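Presented as structure tokens, the chain that follows is alone, the form predicted on its own.
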Amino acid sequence: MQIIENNLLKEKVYIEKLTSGITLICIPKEKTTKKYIVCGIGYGSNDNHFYIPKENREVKIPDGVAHFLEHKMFEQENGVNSLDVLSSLGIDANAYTTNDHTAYLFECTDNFYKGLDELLNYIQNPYFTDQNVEKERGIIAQEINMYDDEAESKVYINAMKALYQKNPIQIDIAGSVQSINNITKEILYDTYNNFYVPANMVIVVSGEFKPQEIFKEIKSRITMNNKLEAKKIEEKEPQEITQKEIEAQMDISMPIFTFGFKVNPDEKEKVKRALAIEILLEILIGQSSELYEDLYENGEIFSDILSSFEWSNNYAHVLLQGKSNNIDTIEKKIIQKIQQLKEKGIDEKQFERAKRKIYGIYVKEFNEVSECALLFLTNYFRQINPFEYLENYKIISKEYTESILKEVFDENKMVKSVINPN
């Protein structure tokens, strides 16, 4: 068993890799009644092209299979839906699909081990039929149509289309109504058998657990022994963006926008760079920034501009999202502010204030049972120890952050996605 720790937080995390290939992570939390577990599969919506070594064949599957599979995993052969079972136990259960992984989780105060039985049962025993696949197709089609009617979803996907040329991140996680019509039970079983394998899975628990005891309980419920794993096939993404601007019209009251900056995902110092970008976003457009105050006082924004750095092993981008009747003015002022910071440098006091705020956000995440578990899950698939964020915080400098400003906030790699009112 491996133990990693952070002396500043006085946190210890226990990790064990089973002979089957599954990785177990325990984050003990004293004096809490909450118990949280999440099982992650290293398979997401981007993984629609892969090679099966044992069968010597290359496979391309329809868009939306990962999300469709997530929906179907809860239905059992006895006709029971596992979400209903967990709910009847007073357990708050859920699942989600991202571009690079799928997760099944629950949180509770009581009946944890009954919940664990159900969770590991449905994850290890899928049940797909022509009938239940067809039924789910209609449900997911409704979900897709609902998202198609949401301007926030549309402006984001359009931004991805403008940023990326080949990466599947530009395709909606749920796929399209047309693509899910091509999903069959055979495709679901094929995908499950090649990605829902021990070597591609991690289970994270957080709460008042004793690591050896909870690991023993989990191991006693693992029946998987398939060590085969499909090999993902990824096309090399060019560094250039696809197009500068993309616009659409929808039935909304005020225009919404997403500005995006394409970032090279191959950088070695990923954690350090991610921290620097988050500090820069706080300096650039945080609530206490000069630019935010200027935009707000002049009536050019009426609510926050949301900023984020999204990244994985094969994509990375910075996003600025908001609503305004003066999008061109906002774009111009953002570009001017970035140029000013590049030419004059970052104010030392602003840098330290932003740095402290970002540090506080990470410390808070470690204190929350669920957020801490999800932090370890997400970064497991990035091959990163989350304690690295706090360790890099100590050494990140204003000069390094200024170098990241020049690298990342490149106007040539900036795109604008806008949804205007009809």
Partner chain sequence: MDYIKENIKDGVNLHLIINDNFKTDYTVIFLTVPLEKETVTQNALIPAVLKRGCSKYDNFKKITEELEMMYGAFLECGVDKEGDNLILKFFIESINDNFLPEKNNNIIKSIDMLINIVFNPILENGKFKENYINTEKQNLELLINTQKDDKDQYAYEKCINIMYKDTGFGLNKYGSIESLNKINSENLYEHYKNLINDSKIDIFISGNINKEEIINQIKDNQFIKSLKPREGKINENHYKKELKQKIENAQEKIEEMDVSQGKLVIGLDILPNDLGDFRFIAILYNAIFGDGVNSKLFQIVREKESLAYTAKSLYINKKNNIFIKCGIEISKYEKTVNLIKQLLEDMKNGNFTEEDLQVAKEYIIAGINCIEAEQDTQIIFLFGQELSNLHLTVEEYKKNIEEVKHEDIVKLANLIQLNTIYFLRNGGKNADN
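Residue numbers count along the first chain shown, from 1. Here the structure is a predicted model, which means the values were calculated and not measured.
Omitted from view is the form predicted in complex with the partner chain, to which the following refers.
Look at 286-294, 192-200, 237-245, 121-129: in the predicted bound form, residues with non-hydrogen atoms within 4.5 angstroms of the partner chain sit in 286-294.
None of E269, E143, E77, E213 but one reaches within 4.5 angstroms of the partner chain in the predicted bound form through a heavy atom, and that residue is E143.
Listed residues I233, I335, M254, L306 were compared with the partner chain in the predicted bound form; M254 is the one with a heavy atom within 4.5 Å. Here the marked residues P53, T184 and S397 all miss the partner chain in the predicted bound form; none has a heavy atom within 4.5 angstroms.
None of the heavy atoms of Y36 is located within 4.5 Å of the partner chain in the predicted bound form. Taking non-hydrogen atoms only, L8 approaches the partner chain to within 4.5 angstroms in the predicted bound form. Using a 4.5 Å cutoff between non-hydrogen atoms, G90 counts as a contact of the partner chain in the predicted bound form. In the predicted bound form, at least one heavy atom of I139 sits within 4.5 Å of a heavy atom of the partner chain. Applying a 4.5 Å heavy atom cutoff to the partner chain in the predicted bound form picks out no residue from 117-133.
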